[in-house]
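Just one chain follows, in the form predicted alone, and it is written as structure tokens.
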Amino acid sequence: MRIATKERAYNNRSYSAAVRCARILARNRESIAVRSDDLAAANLTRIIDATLRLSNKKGFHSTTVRDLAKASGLSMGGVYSYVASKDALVSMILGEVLATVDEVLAAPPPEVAADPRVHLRWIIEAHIRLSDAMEPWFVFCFMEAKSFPSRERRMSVEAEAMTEGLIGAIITRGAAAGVFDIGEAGLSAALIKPLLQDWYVKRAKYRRRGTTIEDYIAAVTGFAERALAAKPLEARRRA
């Protein structure tokens, strides 16, 4: 069974940097000095785009506000009009990623949530497609987490636990319904989570292998279902 999520929620246009930064602007409006929404959104997009590029190249810890100003085409004063500090910038980026993950993964369609096996397939595909659409954002949050300020580091840990909790709850329901045959749902969820992260953390590896996103979704789904001893949908329907 194929879950039709791609066009509904994971197209790159819907999750472009401009859309993400408009949401960040709305969430942080009181702390941003520039009053024109159009100008503020455009420049915030330039700052965050520069942050993600430089962090991927040299690491966020080594990136200075002067670097961000040069890469974004703004003055240092211009950068400070939008972000009071590098810590504030981390909070903006991380906050948007966590909000988006929560909005997408915690709200499956009713027909999906009704069947644990379909739900597991859906959440695997949803996570991979979402991280693909927002790859630089997800990479930043994963690679820089250890150097985050304490509050943001705690948010990152809690977010990972939330995602594992969603997967674990699906597995628990599936085991109770006889769909999955597994002993420890929490541990199983913790083992599935790194497979989802691998798509964006080690993308170069999969490019070299010629692995498409469709290939990867199918592989992770099949691996998870075999590990959980999932019963085929057809057999369940006959039963």
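Fair warning: this is a prediction, and the values are worked out from it, not measured in the lab. Note that residue numbering follows the sequence shown and begins at 1.
This protein has a second form, the form predicted together with another copy of the chain, left out of what is shown; the following refers to that one.
The partner is not drawn, yet in the predicted complex one stretch among 119-127, 106-114, 136-144, 74-82 has residues with heavy atoms inside 4.5 Å of another copy of the chain: 136-144.
In summary, among the residues V34, L195, I213, A69, the only one with a non-hydrogen atom within 4.5 Å of another copy of the chain in the predicted complex is L195. A single residue from the set E160, D132, E152, E96 has any heavy atom within 4.5 angstroms of another copy of the chain in the predicted complex; that residue is E160. Among heavy atoms of R207, none comes within 4.5 Å of another copy of the chain in the predicted complex. In the predicted complex, another copy of the chain sits within 4.5 Å of a heavy atom of S188. Using a 4.5 Å cutoff between non-hydrogen atoms, A227 counts as a contact of another copy of the chain in the predicted complex.
Contact annotation: G59 falls within 4.5 Å of another copy of the chain in the predicted complex, judged by heavy atom distances. Proximity to another copy of the chain in the predicted complex holds for none of N43, D87 and L166, with the criterion being a heavy atom within 4.5 Å.
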